[in-house]
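The data below hold one chain only, encoded as structure tokens and taken in the form predicted alone.
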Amino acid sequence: MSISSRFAVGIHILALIDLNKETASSSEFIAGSVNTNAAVIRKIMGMLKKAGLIEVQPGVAGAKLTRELSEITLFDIYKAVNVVEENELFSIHDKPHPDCVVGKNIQSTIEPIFMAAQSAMEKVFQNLTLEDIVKDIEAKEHIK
């Protein structure tokens, strides 16, 4: 199991919209870059729009960012695409055996560890912006 790919795809979409601002980035164009179906892109773009990260016009190809790259954190994107519910990145099995020494204690033992790990990861996302992503891509491609 892994975290939903919606997060990576959301970052991909936003970076592509910025780097391709001279041309309208249709869902078909973005889908080609992501190598997925345009319907998947439209669904994620709907989530990004609902979160106020992009503007789209129904029936008109293309989207634009609503904020500067430096004002969109990876945490904003993470939350926008509903990767996980709050404090639920890690699942704990529901009904361990209550008569087992491990079974009756495992949830209360590991839950705080899992919550701390999720919190640490989210803090990293709060300190990185879409600008960081785009600048790295530009450096790798010798753009600008």
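C-alpha atoms forming the largest set that superposes within 1.5 Å between two forms make up the rigid core. When you see a residue number, it is the position in the sequence shown, counting from 1. These numbers were taken from a predicted model, which means no experiment stands behind them.
This protein has a second form, the form predicted in complex with a further copy of the same chain, left out of what is shown; the following refers to that one.
Q: Check whether A39 has any heavy atom within 4.5 Å of a heavy atom of a further copy of the same chain in the predicted bound form, and answer yes or no.
A: Taking the distances in the predicted bound form, the answer for A39 is no, it never comes within 4.5 Å of a further copy of the same chain.
Q: How about S108: is it within 4.5 Å of a further copy of the same chain in the predicted bound form, going by heavy atoms?
A: Output for S108 is yes: heavy atoms within 4.5 Å of a further copy of the same chain.
Q: So, in the predicted bound form, is L128 in contact with a further copy of the same chain at a 4.5 angstroms heavy atom limit?
A: Yes, L128 is a contact residue.
Q: Report yes if any heavy atom of L19 sits within 4.5 Å of a heavy atom of a further copy of the same chain in the predicted bound form; otherwise report no.
A: Because a heavy atom of L19 falls inside 4.5 Å of a further copy of the same chain in the predicted bound form, the answer is yes.
Q: Can you name the residues of 88-113 that have a non-hydrogen atom within 4.5 angstroms of a further copy of the same chain in the predicted bound form?
A: Sequence-ordered list: E88, L89, F90, S91, I92, H93, D94, K95, P96, H97, C100, V101, V102, G103, K104, N105, I106, S108, T109, I110, I113.
Q: Please say whether, between this form and the one not shown, the C-alpha of G52 moves by 2 Å or more once the core is aligned.
A: Not so; G52 is displaced by less than 2 Å.
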